[in-house]
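Next up is one chain by itself, shown in structure tokens, the form predicted alone.
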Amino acid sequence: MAFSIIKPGLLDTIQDMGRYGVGNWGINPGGAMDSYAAQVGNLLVGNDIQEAVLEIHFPGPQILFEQNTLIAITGADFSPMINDEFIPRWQPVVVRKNTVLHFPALVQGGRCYLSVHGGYCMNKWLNSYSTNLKAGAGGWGGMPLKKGDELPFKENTIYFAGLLKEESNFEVLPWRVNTDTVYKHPHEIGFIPGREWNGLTAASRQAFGENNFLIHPSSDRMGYQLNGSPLTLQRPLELVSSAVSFGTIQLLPNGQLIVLMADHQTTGGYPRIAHVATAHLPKLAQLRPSDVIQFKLTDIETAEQWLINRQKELHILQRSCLDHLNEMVC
């Protein structure tokens, strides 16, 4: 085995980039809420970008490593510690066998990700490792991790003990990721108008782009319920349920909004007034209940360019991390 759960966190689940191609069966994609953090974590430890990671909410788990390994923690800052020493986020760390990872304090963000070199050894369900809690499938038995669970890693050929200094519990490797541009202005979320955008009154369209919205405490991986000044339609709309996606913003009958998140349903019948720009979904995923959102209008061309630039940066990061890792172990 590779690590075991001494104490479970609030919601620790195995996720990857999602389960696609089965929406016609009513099975949503799921996957990591903050796909950027999950992908970067994999790249930092030399994994394929699609490899599974552990998504952690606060309060986080206590994890005992049963072998030397290379890890990275990305996303939210829950003050990660190995035994009694803090370790950095967004940077690869070699940890020694029989040390304990824990998360004593929430500093900022909604969820963090633990990636391990080689990835987790488990079976895919419908071509994805992601945990589908509603179906009770995927991930680690379709459930959040619990006390006593022991997760194996895939085989690797790196002798990590050789990278550890004598008597040290861990060794921080000398490359890291700068995420300033990705999470800059964390409460400003870009959107493009949806199919029913023009069904809103002019005053409501203006209010959507100018007012602040508060994330309701009942929000979860399925959707963020928002509280704000009610929006109104020009006239009632009767809609046939149609496809929705991660980031779709729907108008509820009471005039409030819901933003669909990673575990969203496959179809919906409420007006789709807007869609969050894909490049801003990581920022949205790191917001917590009672945080404020301000939506900023953009256009499809700009939103596409944000995403293209992000993918180019990930490609460069992948090459760079592999080069650094090869230099360390050769």
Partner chain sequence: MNRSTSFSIYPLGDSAITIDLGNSIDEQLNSRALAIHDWLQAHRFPGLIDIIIAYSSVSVFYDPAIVRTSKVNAPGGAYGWLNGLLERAGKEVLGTVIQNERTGRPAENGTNGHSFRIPVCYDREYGPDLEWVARQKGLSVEEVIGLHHSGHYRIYMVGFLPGFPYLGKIDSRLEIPRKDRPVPVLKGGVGITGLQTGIYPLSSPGGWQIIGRTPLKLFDWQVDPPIRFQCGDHVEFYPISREEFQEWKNT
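Positions refer to the first chain, counted from 1. Worth saying up front: this structure is predicted, and the values here are computed from it rather than measured.
Missing here is the form predicted in complex with its partner chain; even so, the following discussion is about that form.
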Quiz item: How about residue 294: is it within 4.5 Å of its partner chain in the predicted complex, going by heavy atoms?
Solution: no
Quiz item: So, in the predicted complex, is residue 125 in contact with its partner chain at a 4.5 angstroms heavy atom limit?
Solution: yes
Self-check item: Partner proximity in the predicted complex: residue 101 to its partner chain, non-hydrogen atom cutoff 4.5 Å
Solution: no
Exercise. Consider residue 134 of the chain shown here, and say whether it contacts its partner chain in the predicted complex, taking contact as heavy atoms within 4.5 Å.
Key: yes
Quiz item: Just one of 121, 239, 203, 172 has a heavy atom within 4.5 angstroms of its partner chain in the predicted complex, so which one?
Solution: 239
Quiz item: Considering 114, 231, 76, 244, which brings a non-hydrogen atom within 4.5 Å of its partner chain in the predicted complex?
Solution: 244
Quiz item: Out of the stretches listed (89-97, 206-214, 126-134, 177-185), which one is close to its partner chain in the predicted complex, meaning heavy atoms within 4.5 Å?
Solution: 126-134
Quiz item: Are there residues in 16-30 with a heavy atom within 4.5 Å of its partner chain in the predicted complex, and which are they, in order?
Solution: 20, 21, 22, 23, 24, 25, 26, 27
